[in-house]
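The chain below stands alone and is given as C-alpha cells, in the form predicted alone.
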C-alpha cells in the first residue's frame, strides 16, 4: 500500500479512485497507518481504508479465504460504468507492481477513449503503436506488431 501511496498523485491525475478493504478493524487500520505506513510514505495512506470484518465484500470479489478468515490481496480495475476490467490476486509473499497497474489503467483508458477502435498490445505504453481490431487484422497481427 505504501508503494501505491507513493504514486497516488499519478493515479489521481488519471482520474483513479482507490479504496482499500480488509477484514481488519478500523482500529488496526489506524495503528498500521500511524505506526508503519506513515513511516514509509509521508502522511500515510491518503484514501479510505474500509473494514470488511465478515468478509462479505471479499466473498463477492472472490478473495475471501473462509478457512483462515482473511482476504487475499487483490487489485481490481473498475471502469466508470462499474465494470471490472482487470483483476490481480496475489498471496501475501508476492508484492504487487504499481507501475504495471498504472500502465494498465492508461491502456484501458486509451481503449475506452477510442471506443474500442484501438487495442493495446502486451506492454503497451502511451504513444506506442496500437492494433486496429477488425477483419483486416485477422491473420496479420505479426505484420503490424512485433513484441
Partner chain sequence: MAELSCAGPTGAYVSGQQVKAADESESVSKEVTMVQARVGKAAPDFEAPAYYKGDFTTVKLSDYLGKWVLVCFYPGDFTFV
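Owing to the predicted nature of the structure, the values given are computational and were not obtained by experimental measurement. Residue numbers count along the first chain shown, from 1.
Same protein, other form: the form predicted in complex with the partner chain, not shown, and the subject of what follows.
Interface membership of residue 80, defined by any non-hydrogen atom within 4.5 Å of the partner chain in the model of the complex, is confirmed. Contact check for residue 36: a heavy atom falls within 4.5 Å of the partner chain in the model of the complex. Residue contact check for residue 9: none of its heavy atoms lie within 4.5 Å of the partner chain in the model of the complex.
When the partner chain is considered in the model of the complex, residue 117 lies well away from it, no heavy atom lying within 4.5 Å. Along 43-60, these residues reach a heavy atom to within 4.5 Å of the partner chain in the model of the complex: 46, 47, 48, 49, 50, 51, 52, 53, 56, 57, 58, 59, 60.
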